[in-house]
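Taking the form predicted on its own, here's one chain by itself in structure tokens.
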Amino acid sequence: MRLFGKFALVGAAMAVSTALAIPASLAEDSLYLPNLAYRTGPFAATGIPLMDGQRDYIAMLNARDGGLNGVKLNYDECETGYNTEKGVECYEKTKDKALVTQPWSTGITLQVLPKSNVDKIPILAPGYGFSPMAEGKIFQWAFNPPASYWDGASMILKYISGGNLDSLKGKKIVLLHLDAPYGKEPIPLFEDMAKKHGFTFLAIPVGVKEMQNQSAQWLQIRREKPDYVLMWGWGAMNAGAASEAVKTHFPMDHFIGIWWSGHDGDMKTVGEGGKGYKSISWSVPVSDAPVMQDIKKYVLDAKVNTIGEGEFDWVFYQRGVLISMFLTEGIKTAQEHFNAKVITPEQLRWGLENLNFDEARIKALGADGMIAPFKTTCADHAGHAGGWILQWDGSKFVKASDLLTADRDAIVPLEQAKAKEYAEANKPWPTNDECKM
């Protein structure tokens, strides 16, 4: 049994690349899908179920279908420990034969982003990375479906305001965030919305070394007496924040995290005390969904791979499944369009620009109820799917809202401005001028 806690045991968090790698003799008949994983270090507790879900969906396709259109999928992990420098090393190590790169950190994504124009390898960063990457005309090799951090921030504001952001006028909102590129991602949008709608916004950072001892931050929160605390936390920070919120008697139903702050393993550290805590999520766990039952049959029951106790039902494990589903749908779309089995990275880019997760396709994939419909285009690399509020009931996350959608009219101008600003700061920056809106 794998142990989960604020830190995962290194011995229990070994990468699985050797177990899943396809022999070199079959390389011409396979597609190499590296993943810059983090099963070790202070963020391992969140990384493990996500990587397990990604790995197991690929393993299921290989076992059930023989891969995709007769081509085996060579899923491989390069361990980064969520360290940016190691992540770049992993990228360089894998890029020569990679069909895609999956950075798994906003910091790593930002480092790899300029390289993508030169190496011409798609970056797949579902629900993370640099929010303006959604602007496909400028970031032609980067993809962050099904929704960006700014989409998530907008959905949270829509939820707490009842759909009328002007109702937040005079209220105080605190953002408790990891002091890293990831944690700073939503700040521009929150600042912009605060000016427009008259609420007070205060960002409170949490350093990596402070993740398990946030007493200073929560003392400040007690003094500020905010109406809501929003959280962009990761790894051990989430559990530390939940523990402090319980200790300081902050009303848990006014404590709302982004989708990476809605992890069952983190909330189990506070259990019943965390009841009422919420997070926005673009995915919903549905353990009896056909795709999940196929993973159980072909991978877990068959002992192809093992996972931790209870992990199968967790939000993060099933989100990992969906993330690999995005990738493989991009591959299949490209295979069909180019009439090729072993596709190139450039062909995959086209496939990722033409994802169509409509209700019929989601149902055909066996993922009905797990995700909202979305589609990508050459101009829109995110798709901007909706999400739901998930609420901790003391033992698990349950859906606690109808489908929420982001206010794209408010986000698009900021998205376009920041994308243009990035391109200007990184001249010469190639753009896809052939792409029509």
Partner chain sequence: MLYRTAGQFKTSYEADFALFPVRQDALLLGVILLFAWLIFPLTASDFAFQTLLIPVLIYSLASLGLNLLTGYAGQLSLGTAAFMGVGAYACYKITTIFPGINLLVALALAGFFPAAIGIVFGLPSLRIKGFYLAIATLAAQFFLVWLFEKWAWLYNYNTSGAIQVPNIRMFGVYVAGPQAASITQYYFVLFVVCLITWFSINITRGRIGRIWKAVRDMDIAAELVGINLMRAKLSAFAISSYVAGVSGALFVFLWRGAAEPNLFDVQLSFRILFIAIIGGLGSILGNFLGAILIVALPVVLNWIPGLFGFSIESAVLQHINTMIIGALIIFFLIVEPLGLARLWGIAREKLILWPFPH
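Just so it is clear, the structure is predicted and the values come from calculations on it, not from any experiment. Positions refer to the first chain, counted from 1.
The protein also exists as the form predicted together with its partner chain; that form is not presented, and the subsequent description refers to it.
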> With its partner chain left out of view, which of 345, 273, 366, 181 would have a heavy atom within 4.5 Å of it in the model of the complex?
Replying inline: 181
> Between the options 209, 337, 341, 247, which residue brings a heavy atom to within 4.5 Å of its partner chain in the model of the complex?
Replying inline: 209
>> Each of 161, 197 and 403 within 4.5 Å of its partner chain in the model of the complex, by any heavy atom, yes or no?
In response: no
> Hey, of 33-41, 370-378, 388-396, 56-64, which bit sits against its partner chain in the model of the complex at 4.5 Å between non-hydrogen atoms?
Replying inline: 33-41
>> Under a 4.5 Å heavy atom criterion, is residue 93 part of the interface with its partner chain in the model of the complex?
In response: yes
> Does its partner chain come within 4.5 Å of any heavy atom of residue 243 in the model of the complex?
Replying inline: no
>> With the partner left out here, check for me: in the model of the complex, does some heavy atom of residue 328 sit within 4.5 Å of its partner chain?
In response: no
>> Taking its partner chain as it sits in the model of the complex, is residue 135 near enough to touch it, meaning that at least one heavy atom pair lies within 4.5 angstroms?
In response: no
>> Could you pull out the residues of 92-116 that have any heavy atom within 4.5 Å of its partner chain in the model of the complex?
In response: 92, 93, 95, 107, 110, 111, 114, 115
